[in-house]
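Let's start with one chain on its own, the form predicted alone, as structure tokens.
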Amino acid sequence: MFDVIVIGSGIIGSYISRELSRYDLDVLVLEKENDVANGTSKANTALVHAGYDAKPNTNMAKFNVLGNSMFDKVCDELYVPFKRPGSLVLGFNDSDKNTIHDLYEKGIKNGVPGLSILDRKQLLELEPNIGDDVIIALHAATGGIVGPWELAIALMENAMDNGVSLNLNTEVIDIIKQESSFLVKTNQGEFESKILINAAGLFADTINNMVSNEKITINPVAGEYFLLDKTAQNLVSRVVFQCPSETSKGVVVTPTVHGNIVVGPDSIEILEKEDKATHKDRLDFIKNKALKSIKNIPFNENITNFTGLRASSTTGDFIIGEAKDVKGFINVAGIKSPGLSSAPAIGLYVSNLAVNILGDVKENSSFNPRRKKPLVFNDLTDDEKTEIIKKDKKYGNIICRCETVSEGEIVDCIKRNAGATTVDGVKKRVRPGMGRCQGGFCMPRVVEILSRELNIPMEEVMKNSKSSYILTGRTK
């Protein structure tokens, strides 16, 4: 029997698991996909929000502001890219002026540091490319950008380094509440635990409704994006929002930690929880909205479009806590934006909750908060590159020319705990395929390396999900 089972390995499930690994506990993570961070954590705006827009005294406000303050430490410990360029909320008219002043006051109530209101002249000094109609902005100095899937993967790797177990391709089919434990039935057999934590993202309602009479509903909300090439990286230096609506923080123009520009999303409630289609009319809407914020966005430098799905609860807030009618069952549901920003605080809170329910739990005396630092070949000096190639020739074999990714880095990301097993798994970890050609040149080589290192036929190497075959056989 396990002490704790965590269902889901997105940013929330991974963070909770890493926090639980600080204790002397048997922890198992169940993930229905074939990789960590394959859902919402893989496709979002990658922002660490300051916390000024959440309604005061809500879970969103509480966890966002605290979580924001925790990013510097965890990203340093796990060698995950993170920056604090700050963020701006732009206003175009008198109504927006009122909204920006309201956001400022809300931010002060939420305890957000570093807020100020700027006029157009001050704005132009920070962002010369802002639109001609912008007259005012809220500046949040603590706004940040992060590698979201990189953080989730690093958290799970560190959790496993410290004793947590991970079962991929393991879908929960049913849950039986027993007298003092849970029997979790999956497509890979049965597992038993004293505590069960539901971090299943878009499917958290399905998991909750298997075991609790207090039903919840999670609605999928889709947001579409443009990803611009690094040639556009001087367009903006900060995260640039427009005034938010009731349903969305609005279309954003933001740099990424790797030097690209992301534009989007819109916010549309959809019916299917796995519908990731993109649509021309919606992308045109995003384009036109974004051009109000920033002039001359080079959309001809777009290298891909994608859709991210958010888990929106009917309560309008995060659902976090032990179910009232099921002792030991903890929901972490409805974690839409600012879920990524809140993840460190949520992970700490939920792990403490589980430990308190279990009682008499000892700390893990061998817990190490740091993972082995990944070697990023492109960041090395010429002398350092020469030395590493002398030790391992694979680092001298460049597989992805767009991002300058070596064979050595790809092999390393496969061999680690929570390592890559798919083409997109490699892409998330060390970035081959993230550049201008989007894998057009490097994908065949990545397939070959995965086949060799995992000792499987090339036909069994997936692009992403369990049935995303790339090759079906030889032609001759």
Partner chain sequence: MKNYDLVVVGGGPAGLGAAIKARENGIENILVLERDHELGGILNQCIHNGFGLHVFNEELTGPEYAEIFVEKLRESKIEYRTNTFVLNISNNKVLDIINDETGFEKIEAKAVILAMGCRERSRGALKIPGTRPSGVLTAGTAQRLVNINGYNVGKEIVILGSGDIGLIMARRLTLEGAKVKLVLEIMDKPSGLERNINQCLNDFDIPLRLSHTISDIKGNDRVESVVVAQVDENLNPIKSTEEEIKCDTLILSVGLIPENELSKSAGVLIDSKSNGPIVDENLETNVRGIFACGNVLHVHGLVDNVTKESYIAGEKAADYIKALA
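Here the structure is a predicted model, which means the values were calculated and not measured. Residue numbers count along the first chain shown, from 1.
From this point on, the text means the form predicted in complex with the partner chain, which you will not see here.
A.B. asks: Please pick out the stretch from 317-325, 270-278, 234-242, 109-117 that is in contact with the partner chain in the predicted bound form, where contact means heavy atoms within 4.5 Å.
C.D. replies: Selected stretch: 270-278.
A.B. asks: Is Pro369 near the partner chain? Define near as a heavy atom within 4.5 Å, in the predicted bound form.
C.D. replies: Contact with the partner chain, no.
A.B. asks: Does Leu471 reach the partner chain in the predicted bound form, with heavy atoms at most 4.5 Å apart?
C.D. replies: Output for Leu471 is yes: heavy atoms within 4.5 Å of the partner chain.
A.B. asks: Answer yes if any heavy atom of Lys415 is within 4.5 Å of a heavy atom of the partner chain in the predicted bound form; otherwise answer no.
C.D. replies: So Lys415 does not count as contacting the partner chain.
A.B. asks: Is there a non-hydrogen atom of Phe226 within 4.5 angstroms of a non-hydrogen atom of the partner chain in the predicted bound form?
C.D. replies: Flag for Phe226 set to yes.
A.B. asks: Though the partner chain is not shown, can you say which of Phe285, Phe182, Tyr104, Phe377 has a heavy atom within 4.5 Å of it in the predicted bound form?
C.D. replies: Spelling it out, the residue with a heavy atom inside the cut-off is Phe377.
A.B. asks: Taking the partner chain in the predicted bound form as the reference, which of Val211, Leu78, Ile303, Leu123 has a non-hydrogen atom within 4.5 Å?
C.D. replies: Partner contact (heavy atom, 4.5 Å) among the options: Ile303.
A.B. asks: For the stretch 442-476, return the residues whose heavy atoms include at least one within 4.5 Å of the partner chain in the predicted bound form, in the order they occur.
C.D. replies: The stretch touches the partner through Met443, Pro444, Arg445, Glu448, Met458, Glu459, Lys463, Ser465, Ser467, Ser468, Tyr469, Ile470, Leu471, Thr472, Gly473, Arg474, Thr475, Lys476.
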